[in-house]
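Before any questions on binding or motion, here is one chain by itself as structure tokens, the form predicted on its own.
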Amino acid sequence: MIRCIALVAFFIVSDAIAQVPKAVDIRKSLVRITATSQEQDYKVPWNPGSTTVGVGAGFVIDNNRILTNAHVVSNARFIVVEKEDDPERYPALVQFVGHDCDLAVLRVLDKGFFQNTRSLGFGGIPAIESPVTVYGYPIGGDRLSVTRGIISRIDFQTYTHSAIDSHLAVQIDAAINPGNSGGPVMQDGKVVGVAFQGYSGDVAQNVGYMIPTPVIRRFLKDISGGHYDGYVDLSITYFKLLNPAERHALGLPDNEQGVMVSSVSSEGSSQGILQQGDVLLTIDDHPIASDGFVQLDGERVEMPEIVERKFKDDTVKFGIWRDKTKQTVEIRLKGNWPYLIQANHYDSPPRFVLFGGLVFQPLSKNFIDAYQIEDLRLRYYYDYFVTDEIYKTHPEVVVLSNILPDPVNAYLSDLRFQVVDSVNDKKIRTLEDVADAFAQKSDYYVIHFVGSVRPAVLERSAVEQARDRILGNYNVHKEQYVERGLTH
């Protein structure tokens, strides 16, 4: 399976500094990044988590900034950067981060860091079979290494840092080893990509990926306003119209044009504009082939690539076939928050509420991975959260994730991993609802679960008496963290 590499450089260990082309003095541009990170602990959400140290690469770009991968600096508590031929370690901060595209920009606190540095410019998408040069700091040495590879494929790939976002990626015919991320991939003196992920050796040999410049340029333009809005999405599914009989039944001509909309998300950009059964003929006046590809900048790319290059509140125009007539519609683009339940999340503590020894948490990918959930009901809520529009009734699926055993919650262990439906007849839609329900004064708190007749019942006086005992016995220093839900 694809795996993210959280350290730096590319391909094989090498200290071949002498091989660096004279036209590109990479010493003035490349930086070594050391990040001390604190891993989130979803099983013990009040626990600050263990610390780890990772090494990555970055490079200087315009306006005294450093570009690197998001996964190099995710969950970082302290970051230092180093220049070639300079023994000093400079503290740095994450200025902007895009977890959906695995890119980040760092700001160095000491402005003197940028003396004698050289910012790198960006090129285009390299041609298939063309050579590229990759710079970084692979494991096995502390000094700059340079290696070469050949462009072997340009395609959409899942970016494993978020685990759910797919963007344009460029494949290189060389393996990416541990310690690979953040280094610039160069061609003709210009950056054509950032090394970021590869296959493990038991899956494929000599296969690595870089983030190409269309993705990089989009990220840099997005943050130019002082905030990162992230990617927009049509929030539809569609299928190819390759079958002639199917096209004839729809009244379409035999010109191999168009794909059919199969679903429209109610929280997405296309809701109320596109409909199931619409045939998409053109996008921004680019004809859509029956396999979903369009011609863009002289290349044949998948239709979503046009939307990939747009921003929040931009519009996209479709020519469609509906009721056997041609129509034109325009869509204002935005993100789609329900998809985020299946994305990895970083840079903030796990959200939870602890009450009477019962731990409540919202369902998320981090939660699923931490607990290795196999419960069929929870798997349904997670896997079909978007397609079955579960978010309409449960914007957050709140789960009784754990029970800290105490006399106050005796005999409730069978209710673990149940989905909370209500507390004292108050419907639970978000984790904030749970916190609010327990903040209300009541002699008893009756917690009902989806699909279960048996409730969990806590007596307020007993909970108050047990509070200090539970906090002390389980070394709990914080009873809740409810900020920053997906719906916010």
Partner chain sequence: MVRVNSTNQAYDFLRPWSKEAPFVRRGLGVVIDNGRILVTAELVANSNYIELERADSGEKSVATVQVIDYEANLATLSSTDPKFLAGMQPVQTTTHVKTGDDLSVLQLESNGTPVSTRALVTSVEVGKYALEDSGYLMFRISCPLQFRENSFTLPIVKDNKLAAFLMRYDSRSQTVDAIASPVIEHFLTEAQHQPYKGFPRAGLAFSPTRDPQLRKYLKLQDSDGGVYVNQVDRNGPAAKAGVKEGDVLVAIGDKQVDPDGNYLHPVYGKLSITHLTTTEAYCGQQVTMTVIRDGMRKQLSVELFRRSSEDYVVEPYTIGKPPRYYILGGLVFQELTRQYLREWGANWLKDAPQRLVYYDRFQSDLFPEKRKIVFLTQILPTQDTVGYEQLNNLVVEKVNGRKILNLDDFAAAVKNPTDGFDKIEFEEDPHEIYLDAKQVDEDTAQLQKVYSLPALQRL
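Just so we're on the same page, rigid core means the largest C-alpha set that superposes within 1.5 Å between forms. Residue numbers count along the first chain shown, from 1. Given the structure is predicted, the values throughout are model-derived calculations rather than measurements.
Not on display, but discussed next: the form predicted together with the partner chain.
Only one of 293-301, 143-151, 127-135, 403-411 lies within 4.5 Å of the partner chain in the predicted bound form by heavy atoms, and it is 403-411. In the predicted bound form, the partner chain lies within 4.5 Å of some heavy atom of E374. At a distance threshold of 4.5 angstroms between non-hydrogen atoms, T315 is out of contact with the partner chain in the predicted bound form. Among heavy atoms of A462, some come within 4.5 Å of the partner chain in the predicted bound form. Using a 4.5 angstroms threshold between heavy atoms, W321 stays clear of the partner chain in the predicted bound form. This chain is drawn without the partner chain; in the predicted bound form, the residue among Q95, S224, S266, N243 with a heavy atom within 4.5 Å of it is N243. Listed residues T393, S348, T158, Q276 were compared with the partner chain in the predicted bound form; Q276 is the one with a heavy atom within 4.5 Å. Residues F239, L242, N243, A245, E246, H248, A249, L250, M260, S262 are the ones in 239-262 with at least one heavy atom within 4.5 Å of the partner chain in the predicted bound form, listed in sequence order.
Once both forms are fitted on their rigid core, the CA atom of T387 lies less than 2 Å apart between this form and the one not shown.
After superposing the rigid core, the C-alpha of N243 moves by 2 Å or more between this form and the one not shown.
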